[in-house]
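Below, in structure tokens: the form predicted alone, a single chain.
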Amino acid sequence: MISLFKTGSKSLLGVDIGSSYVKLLGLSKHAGNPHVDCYSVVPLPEGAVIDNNVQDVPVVAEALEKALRLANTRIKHAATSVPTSVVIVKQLEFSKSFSEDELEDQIKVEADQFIPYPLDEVAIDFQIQGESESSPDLNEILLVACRQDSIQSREDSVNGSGMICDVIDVDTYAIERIFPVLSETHDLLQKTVGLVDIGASSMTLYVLEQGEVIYSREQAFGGNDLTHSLTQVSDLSIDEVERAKKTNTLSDELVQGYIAPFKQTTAQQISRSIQFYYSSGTHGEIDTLLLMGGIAALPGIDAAVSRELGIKTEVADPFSAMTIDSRINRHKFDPEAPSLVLACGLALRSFAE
């Protein structure tokens, strides 16, 4: 079984493997509060990760090795994650009389009925969540299953970089873990919150109530098309375009011709995703939107989304509730911060009870 619910070592680096970048973040606690010790963001060659799957383990491992050097940390143990879209989650009930080994065998029998792959190709983990509301003789069990190759390729990438992959998490749980920190920096109490992760090739809407993800949906939309368009009409490389987007240093002509229309398109894509959420059931109306991921660093994108959707929208900011190590260059860190939210949620596994 995989190590999804394992606490891991006391200090874990959060490692987010995306389609275009790997992001690494380390946390400690100072006077009981989270402190950002280190971070790094390293680009990936095109094709190294496709459709949430690591296609070239040595290339991703090399990028992570560089990220580890740039972070300049002695911590080697790491937590990474698989996307929610490749995971099957099921709530089950079993008798309290089962031993852990017996329970594991029973869960495998049950899992075989709803997992559409041979069990020898699937990684499974479970957690006892407590007594069932339906009967005092039963425990509620959270079961999580994922294809072995999705797990193995990410674990091999981390281990191949010189780090030790202690924990394979799920994006959803990292989002839930960062939510209390976001609640400190945004007015989120008693609200239904939409957290939109906009990356290079995909966008995921998470909807949270009482700090729990009640809905998630991924769609193919991201910043790659914008980046490629800007490189074609300017003399800038891909890396230069990415830096200019985050620091708002593109020419007025490019901003008006490409950035402004892309913000509008992003707002429309978010609106489309929210409509799918509303059509999925009777969950509450979204009160606040938070944007994260690389595209969230585009200056003014929160205002553009808010105007289009009529929903209060902000860029997710967990780091203003933390202290930042004095060795970290804030001029570089701050533009990267929206893309580091998931890595931060993974690094918070260091403090899991």
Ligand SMILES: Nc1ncnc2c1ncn2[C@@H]1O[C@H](COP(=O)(O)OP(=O)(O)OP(=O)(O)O)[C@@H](O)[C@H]1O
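Note that the coordinates shown come from a computational prediction; the quantities given were computed from them, not determined experimentally. Heads up, when I say rigid core I mean the largest set of C-alphas that superpose within 1.5 Å between the two forms. All residue numbers are counted from 1 along the displayed sequence.
Keep in mind that the form predicted together with this ligand is missing from the display, and what follows is about it.
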| item | value |
| --- | --- |
| Heavy atom within 4.5 Å of this ligand in the model of the complex - the one residue of I198, A78, L195, C146 that qualifies | I198 |
| Contacting member of N139, T227, T73, S273, with respect to this ligand in the model of the complex [4.5 Å, heavy atom] | T227 |
| K23, S202 and G293 each touching this ligand in the model of the complex (heavy atom, 4.5 Å) | yes |
| Contact flag, D169 vs this ligand in the model of the complex, heavy atom cut 4.5 Å | no |
| Partner contact for K191 in the model of the complex: this ligand, 4.5 angstroms, heavy atom | no |
| 4.5 angstroms heavy atom contact with this ligand in the model of the complex for V60 | no |
| Exercise: G18 in contact with this ligand in the model of the complex, heavy atom 4.5 Å | yes |
| Contact stretch among 31-39, 60-68, 297-305, 314-322 - heavy atom within 4.5 Å of this ligand in the model of the complex | 297-305 |
| Heavy atom within 4.5 Å of this ligand in the model of the complex - qualifying residues of 151-179 | none |
| Shift of E209 between the shown form and the other one at or above 2 Å (CA, core fit) | no |
| Rigid core fit then L119 CA moved by 2 Å or more between the shown form and the other one | no |
| After fitting the core, D239 CA displacement of 2 Å or more between the shown form and the other one | yes |
